[in-house]
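Shown next as structure tokens: one chain only, the form predicted alone.
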Amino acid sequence: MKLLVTFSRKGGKQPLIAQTVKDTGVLINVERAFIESNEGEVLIDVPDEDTEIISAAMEKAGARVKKIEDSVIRDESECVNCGACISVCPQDVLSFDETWTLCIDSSKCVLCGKCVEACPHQALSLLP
């Protein structure tokens, strides 16, 4: 399960992910991170069965945690299945099926937004 974790460093520079791994014993895969001097946002992937324990540990440390299930949203009334989004995606999230209809595998998405920028019809958006 993917979790989007946002945090503030107002209380100091505590090692949020390292401490969570140490406390829970659950390995965390960091897929994307934007960390600045006083705040940060990290997209992590954890085993489905450990989602609740990881969320609780991070929230206890002061972070906000959001479960990510459908990361890329496609407006079917706008999408013309042109494939412009497919070539720019670094994670192979987007592809065509056998009928040349755009398919989305959200489990691979790292929320980079490149597909949204590439779409000429503005048919794609990231999670609300």
Partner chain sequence: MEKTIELINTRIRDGNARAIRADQMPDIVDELGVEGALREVDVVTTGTFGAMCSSGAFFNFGHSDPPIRMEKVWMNEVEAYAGIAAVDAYLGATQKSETQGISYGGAHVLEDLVAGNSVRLRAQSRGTDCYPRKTLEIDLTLEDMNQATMVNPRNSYQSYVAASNTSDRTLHTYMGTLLPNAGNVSYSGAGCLSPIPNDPGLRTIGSGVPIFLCGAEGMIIGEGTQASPGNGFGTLMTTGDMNDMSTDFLRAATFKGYNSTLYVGLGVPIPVLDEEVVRQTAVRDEDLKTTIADYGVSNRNRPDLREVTYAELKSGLVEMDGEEVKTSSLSSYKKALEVADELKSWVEGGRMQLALPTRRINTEKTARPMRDRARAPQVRDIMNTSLVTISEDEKIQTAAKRLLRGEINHLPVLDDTNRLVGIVTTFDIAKAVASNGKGGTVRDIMTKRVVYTSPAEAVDVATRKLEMNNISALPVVDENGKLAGILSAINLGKLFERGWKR
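Numbering follows the first chain given and starts at 1. Note that this is a predicted model, so its numbers are computed, not measured.
Note that the form predicted together with the partner chain isn't included here; everything after this is about it.
This chain is displayed alone, yet in the model of the complex one of Leu43, Ile28, Cys85, Val72 has a heavy atom within 4.5 Å of the partner chain; that residue is Cys85. Cys89 is the sole member of Ile54, Ala63, Ile68, Cys89 with a non-hydrogen atom lying within 4.5 angstroms of the partner chain in the model of the complex. Taking the partner from the other structure, the partner chain in the model of the complex has no heavy atom within 4.5 Å of any heavy atom of Ser8.
When the partner chain is considered in the model of the complex, Pro120 lines it closely, a heavy atom lying within 4.5 Å. In the model of the complex, no heavy atom of Phe34 sits within 4.5 Å of the partner chain. With a 4.5 Å cutoff on heavy atoms, Glu78 counts as touching the partner chain in the model of the complex. Taking a 4.5 Å heavy atom cutoff to the partner chain in the model of the complex, none of the residues in 21-51 make contact.
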